[in-house]
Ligand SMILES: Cc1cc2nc3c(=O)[nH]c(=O)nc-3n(C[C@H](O)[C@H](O)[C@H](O)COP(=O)(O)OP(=O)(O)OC[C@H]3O[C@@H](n4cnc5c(N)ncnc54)[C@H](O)[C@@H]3O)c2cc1C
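The data below hold one chain only, encoded as structure tokens and taken in the form predicted alone.
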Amino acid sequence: MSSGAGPRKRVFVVGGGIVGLSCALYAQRNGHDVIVADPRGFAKGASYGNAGVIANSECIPVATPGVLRQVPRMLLAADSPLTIRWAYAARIAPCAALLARAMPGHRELAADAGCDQLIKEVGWLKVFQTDAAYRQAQSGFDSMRAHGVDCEYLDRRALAQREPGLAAIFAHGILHKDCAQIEDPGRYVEALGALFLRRGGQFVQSEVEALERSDGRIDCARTGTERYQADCFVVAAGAWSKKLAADAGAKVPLDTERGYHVVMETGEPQALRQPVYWAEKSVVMSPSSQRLRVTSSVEFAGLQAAPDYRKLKAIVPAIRAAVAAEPGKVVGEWLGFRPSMPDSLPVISRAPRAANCVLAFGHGHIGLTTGPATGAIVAALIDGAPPQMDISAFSVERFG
């Protein structure tokens, strides 16, 4: 019998990343039978290769004026991350409300999965070499503070005390003390997948090619060999969600940000105390045991183009100069796909032409952060219950 608001249902979730698994786990908690389908397995996409920051500070759209003013320089610089986001003005308050639920959701799921030791509540540090770069970012920090985000300013001396692992080349810093790090995002999401299976979930390692719809409902999810019937369907396939959303009657302007990382040896147990964002290079340096993961170099080239690591590799000498431990050779490279919406807000919504389908994708740079909060909302929608926050800003119908 369901512990949620409705009868026991069979739920089919497309997507085995943090968002899809969070939807599945909260649906299980409400007493439903859940199937998850993903051709790559658990945690093989953006959930694996991100910087591992629970960035509950990031309520500001990526395409702020401070970022856009840097675009000409980014285009010309040889080591530019090319982080261009021509986004429409996003609404900060709904994003802030979703982010406020991030840490409680992660603590809850991690405790259930027995992987809470992977969450390090160490904060997130943003650093600036130049006065000009810091001035460009100040308006964003002012907006964050207005929405309750803790932004502690650190001068050069305070920076050195907070993060002795950085070389003395940074003049300004902002510390978000309430953020956290997931030391190994892939391992973390795999642990959530293992919890899903222990609770009786079924995993299908196949690509869902289509959702078949008739009379205002999804009848089944079709793979290359099977058709899966269910009472409710959830589209949480990240960058691969656009076609399935269309099957459910929703045309969405979902784009794909191709994100890269490299992993460097450090020879130190922990080269940095917390993840560090370097503003001028637009990179996140995320420490783990004997390693430093450097994430950056966003490009728009779709899902099929071959990876191009040149931009990120060009930054490697600067990383060696910025970190006191002098990271050594590159021992890993990765390309993943961030699902992004033009207004920087995810889609968390019922499908307008399929009453039994819920859409949950487009989280951009905050997918890991807001996965559990999204899962709790989707579980409420599955049960026909009101979510614990206003989700009207995330409706797919905002695109017409």
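Start at 1 and count along the sequence shown; that's the residue number. Source: prediction; values computed, not measured.
Another form exists, predicted together with the named molecule; not displayed. Remarks below refer to it.
Proximity to the named molecule in the model of the complex, taken as heavy atoms within 4.5 Å, picks out 238-246 from the listed stretches 114-122, 264-272, 238-246, 152-160.
Although the partner is absent here, N50 is a contact residue: one of its heavy atoms lies within 4.5 angstroms of the named molecule in the model of the complex. When contacts are judged by a 4.5 Å heavy atom cut-off, H365 counts as touching the named molecule in the model of the complex. The named molecule is not shown here, and in the model of the complex it never comes within 4.5 Å of any heavy atom of S288. Contact check for G336: a heavy atom falls within 4.5 Å of the named molecule in the model of the complex. Of the candidates C59, M341, A354, A37, A37 is the one whose heavy atoms come within 4.5 Å of the named molecule in the model of the complex; the others do not. In summary, among the residues G173, G259, G193, P327, the only one with a non-hydrogen atom within 4.5 Å of the named molecule in the model of the complex is G259.
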